[in-house]
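Quick setup: one chain, the form predicted on its own, written in C-alpha cells, and binding and motion questions come after.
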Amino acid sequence: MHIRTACSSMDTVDAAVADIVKQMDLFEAEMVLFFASTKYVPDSVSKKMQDAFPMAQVFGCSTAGEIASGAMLNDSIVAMAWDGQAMKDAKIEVVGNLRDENSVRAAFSSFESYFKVSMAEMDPGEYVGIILVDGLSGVEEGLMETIGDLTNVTFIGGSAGDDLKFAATHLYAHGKSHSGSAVLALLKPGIGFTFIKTQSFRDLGKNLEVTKADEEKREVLEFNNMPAAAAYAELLGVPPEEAPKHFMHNPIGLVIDDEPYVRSPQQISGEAMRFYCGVKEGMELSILESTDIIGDTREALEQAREELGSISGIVNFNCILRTLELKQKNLAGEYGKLFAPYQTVGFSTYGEQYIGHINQTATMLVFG
C-alpha cells in the first residue's frame, strides 16, 4: 500500500499527533496532507505534524469538519501520506498576499526552478496541484483565474474553515501556520489520478437578477429591484426571517447548458444577502433545489473507479453546506460509508476550487 490514512479525535495536539504517527506505523512518507479542527492550536498542530514526519513535505489547513475513510467527523485531525512510489516529487509554496497576482507568479517561478519545466508547458497528465485558501479571504475567484491564466495543470482544493465561527481560518505548511494566505502544492504523482466534481441540484425555474451588489463583499443588495432577502423569500413563499433555513436546500445558481454553478448564500445582513462565492450585477440566477447527494456521489465514485481501474486514495473537498444538509437529513453516516472501501481524507470547506471557485459541491482528487 503506497498511500496510507489516519485520523484521531484525541483531546490534545500531542496525543492526536502521536495517535496518527502510531497508525502510520513506520510508513515512509514522502508527503503528508492533513486537515485539523480549530480545537487544535494552529501553530502547535502545524509544528507537531511537521516534527512527526521530518523527512516528508507536510501541509494542510483548518476545517469545518473532517472526512476519513468511512466517517464524517468533527473535532479531529485526519491525514493522508504518500510514499515515494505514489508521490515521485512535490513542492509546497505559501502565497502571502492573495490580492497580488505577483505572489502567485513568484510561487510558480519557484515550482519552475524546482521541476525544471515552465508552468505553461507542464503536462496536466503528469502534474496536479492542490490549493488550500483562507476561507474568509473572499479572493478565491481572482486567485483561480490567475492560476488558470498561467498553467494548464489542474489545481483542485478547498477554502479552509474554522468550525463555523467565521473568525479566522488557518493554512499549514513547513511547520508554520498562516492566515490571509494560500498554500499551493504542485505534485508529480507516480500513479494515475482523476477528478470528481459532484453536486446535486435541479433548477426550479424561479429567476433572480442581481440588480444591485457590493461585489467586493460578495453581497447582493437587490434582486429583481427588490431588497435581496425579501425577493429570495418571496420566490420561496416564506417570510424573510425564515429564508436562512432554506439556504442549504435552495441555494442560487448560474445555470449554463442545464449545469448549475452554485452561489451559496452565507447569511442575511440587514436586507442584503451575503454569499460564499462571487456575485456580479446583471447576473441572471435561478433558485435551485437539492436532490440526491448519496446517489450522485456513489455514481461519481463508480465512474472514477472504472476510469482508473482501482482507487488507492481520495482527497475530498466537501462544501460545509452539503455537510450541514446531510446532518439535517440524518445522512452524514451514510455519506461517510460511501468512502469506507477507500483510503480517504477530506474536510468540510468554505468553498471548493476546481477550474474556478464553486460552492455546494464536492471536488475530489482521486488516485489510481
Partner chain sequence: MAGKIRQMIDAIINQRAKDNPMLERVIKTKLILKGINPNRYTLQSDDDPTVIGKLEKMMQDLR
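As the structure is a computational prediction, the values presented were derived from the model and not from experiment. Positions refer to the first chain, counted from 1.
Another form, the form predicted in complex with its partner chain, is not on view; read the next lines as being about it.
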ask   = Looking at T151, S177, S103, S181, which has any heavy atom no more than 4.5 Å from its partner chain in the predicted complex?
value = T151
Residue (of G295, G282, G270, G237) lying close to its partner chain in the predicted complex, criterion heavy atoms within 4.5 Å = G282
ask   = Honest question, do A120, P124 and D257 all end up within 4.5 Å of its partner chain in the predicted complex by heavy atom distance?
value = yes
ask   = Just one of 259-267, 287-295, 132-140, 157-165 has heavy atoms within 4.5 Å of its partner chain in the predicted complex; which?
value = 259-267
ask   = So in the predicted complex, does any heavy atom of E209 sit within 4.5 Å of its partner chain?
value = yes
inquiry  = in the predicted complex, does D83 come within 4.5 Å of its partner chain, counting heavy atoms only?
reply    = no
4.5 Å heavy atom contact, E145 to its partner chain in the predicted complex = yes
inquiry  = Can you tell me whether A18 touches its partner chain? I mean in the predicted complex, with a 4.5 angstroms heavy atom cut-off.
reply    = no
request  = For the heavy atom contacts within 4.5 Å of its partner chain in the predicted complex, list the residues of 329-368 involved, in sequence order.
outcome  = I355, G356
